[in-house]
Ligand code: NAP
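Before any questions on how it binds or moves, here is one chain, the form predicted alone, in structure tokens.
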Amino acid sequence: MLDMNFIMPTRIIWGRGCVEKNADRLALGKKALIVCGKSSARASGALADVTAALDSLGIDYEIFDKIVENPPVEVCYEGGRKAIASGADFVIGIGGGSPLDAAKAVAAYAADPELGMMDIFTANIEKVLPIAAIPTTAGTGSEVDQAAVLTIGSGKIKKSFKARDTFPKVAFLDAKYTETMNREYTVSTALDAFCHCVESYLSPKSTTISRMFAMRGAQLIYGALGDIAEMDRNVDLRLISNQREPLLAGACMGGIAIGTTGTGFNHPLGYNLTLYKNIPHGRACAAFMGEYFDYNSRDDEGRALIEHFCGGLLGSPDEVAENLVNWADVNLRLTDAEIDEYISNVKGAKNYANSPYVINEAEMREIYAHLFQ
């Protein structure tokens, strides 16, 4: 049965020089707050292109560049207060998933001065400032997704939020902004995007259209990762430049897919490896791919979906999983106490129900122990 339900309200503008050529699309208000980190927006050239475009339009702006990886909710709240104080009426996010996610939170806080810092996770948010998104990585697809993931408390717990209007109004995808990523970061972000594709494809929430994006995105990413894996690790990064556009397109397609479905259990299980062991997010998620295929294959529909998905990549489930795990290259050992803490952190995540086979706490323990003990 065909399921054609689908919404993706973000306008995607693609190609080299797309910010300069389409500067008028940045005119979402009279004053912008640019949300970014300290380095990637500047190093990639994206910040310079955006400020030049705003200058050409006569639009005022301020820069909030305090965003770090796994953005704390406190910093996003501070950005919202700055937007209010400066009179900004729209937000531009520049960077990887962290600045783009943070821009959504900033836009929510800025639209409602009465919104408390933690209210963002529980309030029925009806109003968000307009958002423009410019990715400098090929990984999260946050430029076309309405969800944002923030860290709370001690920084060891991640929590997501989304509202009806947290979809960016416009996204500018220029692969040149991703060329400053080193090899390791390029691979890690691509692995994250691939996980988005496969987790979306298997989701019970998927539709015919979301699976179309998930499949094509995975094909682009898998092919590019295979080419990069065959290169010597000391290869000049300029030789990877031919893979930048496929990776960016694939990541965007993965973002579109999870905008419909959300992600599966690789993500919450992987969060602990990132927050406690400093394993980059994409590698952390991909490390669980063999277990993800194994458990979901215990469901008849899940097995059929996995076989069809991997067939689209011209490989078997075992081959695809092995490649993903090898590319992730996660080698660590966990104690029983660490596993207990990790499960406590993520056992309530909604992602587990978003798979053909729903794992329980005992199976979470089995997965961690099998991989890391």
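Quick caveat: nothing in here was measured; it's all calculated off a predicted structure. Heads up: residue numbers just count along the shown sequence, starting at 1.
One more form of this protein should be noted, the form predicted in complex with the ligand, which is absent from this view; the next part is about it.
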Which one, 326-334, 47-55, 310-318, 33-41, holds residues whose non-hydrogen atoms are within 4.5 Å of the ligand in the predicted complex?
-> 33-41
Should residue 180 be classed as touching the ligand in the predicted complex when contacts are defined as heavy atoms within 4.5 Å?
-> yes
Check whether residue 69 has any heavy atom within 4.5 Å of a heavy atom of the ligand in the predicted complex, and answer yes or no.
-> yes
Contact between residue 200 and the ligand in the predicted complex at 4.5 Å, heavy atoms?
-> no
Wondering, does residue 109 line up within 4.5 Å of the ligand in the predicted complex on heavy atoms?
-> no
Heavy atom within 4.5 Å of the ligand in the predicted complex: which of 158, 82, 216, 169 fits that? Just give me the one.
-> 158
Sole residue of 286, 258, 247, 133 within 4.5 Å of the ligand in the predicted complex, by heavy atom = 258
If we check the ligand in the predicted complex, which of the residues in 250-271 reach within 4.5 angstroms of it by a non-hydrogen atom?
-> 258, 267, 271
